[in-house]
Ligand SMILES: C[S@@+](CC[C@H](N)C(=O)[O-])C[C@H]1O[C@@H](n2cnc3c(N)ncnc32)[C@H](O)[C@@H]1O
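Only one chain is included here, represented as structure tokens and corresponding to the form predicted alone.
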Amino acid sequence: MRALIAEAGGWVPFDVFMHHALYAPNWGYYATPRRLIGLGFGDGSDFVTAPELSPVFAQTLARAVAAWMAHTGVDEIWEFGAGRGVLARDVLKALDALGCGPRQGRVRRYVIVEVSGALRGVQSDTLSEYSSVVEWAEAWPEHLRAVVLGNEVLDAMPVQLLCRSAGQWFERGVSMQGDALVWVDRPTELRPPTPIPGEHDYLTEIHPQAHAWVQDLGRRLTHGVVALFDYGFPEAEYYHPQRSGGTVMCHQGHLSDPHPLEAVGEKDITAHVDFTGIALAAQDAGLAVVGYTSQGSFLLDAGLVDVLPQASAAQQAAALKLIHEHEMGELFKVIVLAPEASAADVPAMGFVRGDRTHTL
């Protein structure tokens, strides 16, 4: 990082810092072989995801995936950032149980796009029973026909930091003071997507990389749907005047902290998602919103209650964390996108009740 900053003239914007802290070969957080995802304190992991918490998440999602595949006529599933491969394995198992999985010839390919070489090896082991249909891709195809899944992908995409101080806007970046990494703000013409009322000091993020990713995906997707799960808010909540400290957080050992310049490469760095921005970027690329709601509402509407009786008592207890408002149920949101020409006809699995598209 010292060399990177020196080569850049002594200052790098936060999105460049975040990219290298997470993805630099050999030492970036996601480039290391350590265990990142687990269930809690003491197992050497840093955070837990919904698929790891309970297979009920994937089993419920599979019901929606089955409906989307049947309606759009696609036989591929693409997953971005597949973690340890647990979501992929459990979705494929659930699709087999529903009679529309690989064993029935209904899923021809399950393609994973993963930036972490260390995680690819873990995914391969997790998915060994489905090795005949699972593969990894280095690049996207020019034209994509698939159901595309992304669980906690957007929050790990680098963001730019904007800081308003004494009524003026600055871009916050990283510099060196001796051997220490320090914040340094520079004047900028960049602004949040909506005006921030008041003149108080204010720190927030903008998400050009996530928007570019969605637009690239939209330009390639000809048939199918995109389902993205992540924590975040619509624009009016994201850029609320009282949210003056931004949303960047770090995760290590199942503890959170707001100090990304400390223990660089040893902890996750994330930012919440502005789902309005995602919807607008998708719209610019020819995608339309099928539905947007909380994770809890989506899972309940997609049939979680029907899945629960087949789960063990421990799995059922863990599944409640997926839907409770004080756990993952409200903070996490779901947005489903589809090519504009077919979006109105895509089954609204998960959005029949509780759709919040009007809030975007």
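Bear in mind the structure is a predicted one, so any value in this text is a computation, not a measurement. Residue numbers run from 1 along the displayed sequence.
Only in words, not in the display: the form predicted in complex with the ligand, which the text now covers.
Colleague: Which one of these stretches, 177-185, 239-247, 190-198, 153-161, sits within 4.5 Å of the ligand in the model of the complex when only heavy atoms are counted?
Modeller: The contacting stretch here is 153-161.
Colleague: Within 4.5 Å of the ligand in the model of the complex, do Tyr23, Gly83 and Trp213 each have at least one heavy atom?
Modeller: Result yes, every residue of the spot touches the ligand.
Colleague: Can you check whether Val113 is within 4.5 Å of the ligand in the model of the complex, heavy atom basis?
Modeller: Contact with the ligand, yes.
Colleague: With the partner left out here, check for me: in the model of the complex, does some heavy atom of Glu327 sit within 4.5 Å of the ligand?
Modeller: Glu327 lies outside the contact set for the ligand.
Colleague: Does any part of Thr49 reach within 4.5 Å of the ligand in the model of the complex? Heavy atoms only, please.
Modeller: Residue-level check for Thr49: yes, a contact with the ligand.
Colleague: Glu205 versus the ligand, in the model of the complex: is there a non-hydrogen atom within 4.5 Å?
Modeller: No.
Colleague: State the residue from Val74, Ala227, Leu119, Ala282 whose non-hydrogen atoms include one within 4.5 Å of the ligand in the model of the complex.
Modeller: Going through each option in turn, the one that passes is Leu119.
Colleague: For a quick check, can you give me the residues of 332-360 that have a heavy atom within 4.5 Å of the ligand in the model of the complex?
Modeller: The stretch 332-360, when checked against the ligand in the model of the complex, contributes no residue at the 4.5 Å heavy-atom cut-off.
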